[in-house]
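Just one chain follows, in the form predicted alone, and it is written as structure tokens.
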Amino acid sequence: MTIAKLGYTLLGLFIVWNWGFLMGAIFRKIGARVSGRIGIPFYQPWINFFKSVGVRTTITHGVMYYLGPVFRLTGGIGLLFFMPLIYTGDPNGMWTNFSFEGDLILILYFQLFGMLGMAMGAGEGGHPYSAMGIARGLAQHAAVELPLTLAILSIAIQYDTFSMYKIVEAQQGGFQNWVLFTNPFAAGAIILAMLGAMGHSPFNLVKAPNEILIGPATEYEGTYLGFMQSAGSILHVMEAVLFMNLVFGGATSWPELIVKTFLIYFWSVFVGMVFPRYKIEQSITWFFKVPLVLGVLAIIVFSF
């Protein structure tokens, strides 16, 4: 049974990896059309990945520099391994992966794991742009985590569980059972905090296109860059799955997962196309206003 579940989990990883690349290409295409450009072909992410892993680099900055992309990739894979992708009605079903009681706490750690690993790795490179991107990213991530964590704790109090599977299970039976409608304060905090977690404009302070080149990724190339490309595709999908499971009732099939993750990711891309990038102080202040207030209200409502 464990071997079969591992096989399904690895198959799910393969599907998520490809869906992340395709979704990234689609939204880059949409962004290009909004700007009056043609944009990249849909297969470009795969070309970039195989081109990167086929290149060797002689740059060396220390062990942690090399482990940064590995940690980031591990964060995305960890989210996938311990979070149910598809609700099947069976806690040991083929697409529930290795979820367990209390897995929500581990999932929150994995969400942070990739960013911290990337910060330590890029920081060892010594490039001033990397240090700038890391400082901005960690400051903004702390502001994002506060309302997000409060909202998730509210959901855990609401359903009296830290099991992601049970939270999804409690939302079955129709859209009226989704957290979006049963706990709107928590849903609002998560939907707004999600904008910072996804990292698009106006919260793309880490990469800050046209300002600090490509942020912490400035010195990475070759296989390490390929790891980062894979990690980005997996993390974007798995963060969308996380928010889907928390707020939008999870998914009972792969087509439903693809549609919901596409729409969740599109929300962050749409906002990014409408609003220009914030300064770091504007970004942090923004998350300490409406999202934080909604998170606090969510805790108050379900604590009494």
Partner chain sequence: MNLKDILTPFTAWSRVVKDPVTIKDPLSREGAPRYRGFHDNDVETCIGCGTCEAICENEAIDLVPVEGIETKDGDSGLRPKIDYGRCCWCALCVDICTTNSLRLTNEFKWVDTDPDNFRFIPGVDEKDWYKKEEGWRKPEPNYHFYPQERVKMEELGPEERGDSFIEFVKGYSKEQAQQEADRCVECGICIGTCPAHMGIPEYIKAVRNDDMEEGLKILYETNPLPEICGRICTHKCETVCSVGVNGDPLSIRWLKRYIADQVPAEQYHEILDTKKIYKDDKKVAIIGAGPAGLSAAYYLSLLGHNVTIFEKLDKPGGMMRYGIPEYRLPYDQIDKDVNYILSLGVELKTNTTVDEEMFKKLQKDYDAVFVSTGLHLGRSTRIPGSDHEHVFQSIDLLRKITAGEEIMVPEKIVVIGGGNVAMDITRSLARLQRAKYGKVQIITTSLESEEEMPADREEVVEAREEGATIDPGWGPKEIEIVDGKIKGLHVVKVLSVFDEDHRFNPKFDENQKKFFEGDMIVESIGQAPDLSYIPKEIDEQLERGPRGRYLISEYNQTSVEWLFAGGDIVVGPDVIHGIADGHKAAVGIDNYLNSKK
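Residue numbers count along the first chain shown, from 1. Since the model is a prediction, treat every value here as computed from it, not as a measurement.
Quick note: we don't show the form predicted together with the partner chain, though the next part is all about it.
Interface membership of V274, defined by any non-hydrogen atom within 4.5 Å of the partner chain in the predicted complex, is confirmed. Taking the partner from elsewhere, S253 is found to have every heavy atom lying beyond 4.5 Å of the partner chain in the predicted complex. Contact check for F262: no non-hydrogen atom falls within 4.5 Å of the partner chain in the predicted complex. Using a 4.5 angstroms threshold between heavy atoms, V269 counts as touching the partner chain in the predicted complex. Interface residues of 27 to 43, taken as those with a heavy atom within 4.5 Å of the partner chain in the predicted complex (partner not displayed): I30, R33, V34, S35, G36, R37, I38, in sequence order.
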